[in-house]
Ligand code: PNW
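Just one chain is shown here, as structure tokens, and it is the form predicted on its own.
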Amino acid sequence: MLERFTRRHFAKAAGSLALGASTSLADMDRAQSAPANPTNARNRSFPKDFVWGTATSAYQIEGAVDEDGRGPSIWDRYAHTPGKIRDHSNADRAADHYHRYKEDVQLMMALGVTAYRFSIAWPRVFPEGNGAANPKGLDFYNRLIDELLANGIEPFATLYHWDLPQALQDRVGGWQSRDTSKAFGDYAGYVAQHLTDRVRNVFTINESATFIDFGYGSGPVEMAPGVKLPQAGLNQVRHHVVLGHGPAVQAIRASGRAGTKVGPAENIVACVPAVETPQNIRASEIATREMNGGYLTVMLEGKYTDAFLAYAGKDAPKYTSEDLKIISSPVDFVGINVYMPQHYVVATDDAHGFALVPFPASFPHMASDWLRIGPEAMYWAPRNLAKVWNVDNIYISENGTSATDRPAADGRIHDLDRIMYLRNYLTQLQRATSEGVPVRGYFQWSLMDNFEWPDGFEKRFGLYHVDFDTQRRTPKLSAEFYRQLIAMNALV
């Protein structure tokens, strides 16, 4: 998402936990009646064995930033720098998931999810970024994975969700250096060797575009490490990040258990035809390839597009043909994070073949002003991904929204705006799967409220409300919506 700041600009019921939730999902369930029209529900269903999950990231929920040998990350330093976080908070404690993970797995059980996407904190495993590993850091993820599997939940691990070891930033400038790409590959191989006996699906890097543009960007810098680079430096960082993805894929193949599947989780630039005519649909396909030229295109094609290089000009990244081979190491799936349409497009008669339609000031948005409401992105993003690059295994690795989420007098959270958002987006996802677009699963963002990067704790994306003073978890009405949807495997 290149407009302003993205959110990265940036089987017990819940009530049975010792969390003090005022209303459990089981209580909600007893108040529900059967669907009025089961036949219609079947017509609105998702494929058999569709994966329903939820997602989080390490820095946003774990806390325990200085326990069991974890080293500092760039976000630890950034969040403690005065003026960087809007509510002056940090994630030293966050949602205390490090100590409450068993309770949080029960929150997942109450939802009925079959999968959980979490990230591994690189500085927990390698406090210095490389060199000697920290066994206690990996022990936490061993415990979490075992707890998930004991409760019938499939773990999907993400290797990098923005928490670069500060030591690498200090020594080599982080992703400004090829050394970090190599260190990431080494880290990936170590994790694969120790965890893929139980983790069958691994995402490499989450949302390259977001943490690069807002962490190293030549424009507004609102993310860690907070380095403002000229355009040439920014493009070189882009290259080093995708170069990190390639060695990670190769390391997982070499060190992981046979059959381990791997792919990226990218914030695809969703290009939607403004009007669904054949000409505009073709324009959206062309735009999808070009507007993702710095990330997905080079990962999936092994080359930067001519338009990308022409636009970069003298600021184009420096690379070798061997780099491109490594970057395009074959993947088993592609994860895409879909929150909104980045662009609406129309066809043109010029050499580009498409034009971007400007957003009017009145375009609707959610509680986060960057999060424009465009449910059709959930159809066109995976549809174009499959069409342009012949991808046959797609996961929606993130989708969700911030909402106002103020508890009512009785303590309940009636987040109808989130339900509206999810229902409309999932209607478009069902449209895609019913037409044969190969989406295999969906991970709702997020399981619980968390530290929302530069917004701190001001913006809430969770299905469970978290009181960050008491760490009490309370299911929102959207949790019941998602639970019912999973139970029926159909829109509700």
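What you see is a predicted model; the values in this text were computed from it and never measured. Each residue number is its position in the shown sequence, starting from 1.
What follows is about the form predicted in complex with this ligand, which we do not show.
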query: Heavy atom distance at most 4.5 Å to this ligand in the predicted bound form, all of Trp122, Ala188 and Val334; finding: no
query: 4.5 Å heavy atom contact, Trp445 to this ligand in the predicted bound form; finding: yes
query: Interface membership of Tyr464, this ligand in the predicted bound form, 4.5 Å heavy atom rule; finding: no
query: Partner proximity in the predicted bound form: Thr210 to this ligand, non-hydrogen atom cutoff 4.5 Å; finding: yes
query: Residue contact check: His245 to this ligand in the predicted bound form, 4.5 Å heavy atom; finding: no
query: Heavy atom within 4.5 Å of this ligand in the predicted bound form - the one residue of Trp75, Phe156, Trp175, Phe214 that qualifies; finding: Phe214
query: Single option in Asn267, Thr204, Thr180, Asn292 placed near this ligand in the predicted bound form, where near means a heavy atom within 4.5 Å; finding: Asn267
query: Listed range touching this ligand, judged in the predicted bound form by heavy atoms within 4.5 Å, from 84 to 92, 129 to 137, 158 to 166, 406 to 414; finding: 158 to 166
query: This ligand in the predicted bound form - contacting residues of 346 to 381, heavy atom within 4.5 Å; finding: Trp370
query: Cα separation of Pro220 and Met340 in the predicted bound form versus here, shift of 3 Å or more; finding: closer
query: Note on Val221-Val172 C-alpha separation in the predicted bound form, which departs from the shown form by 3 angstroms or more; finding: farther
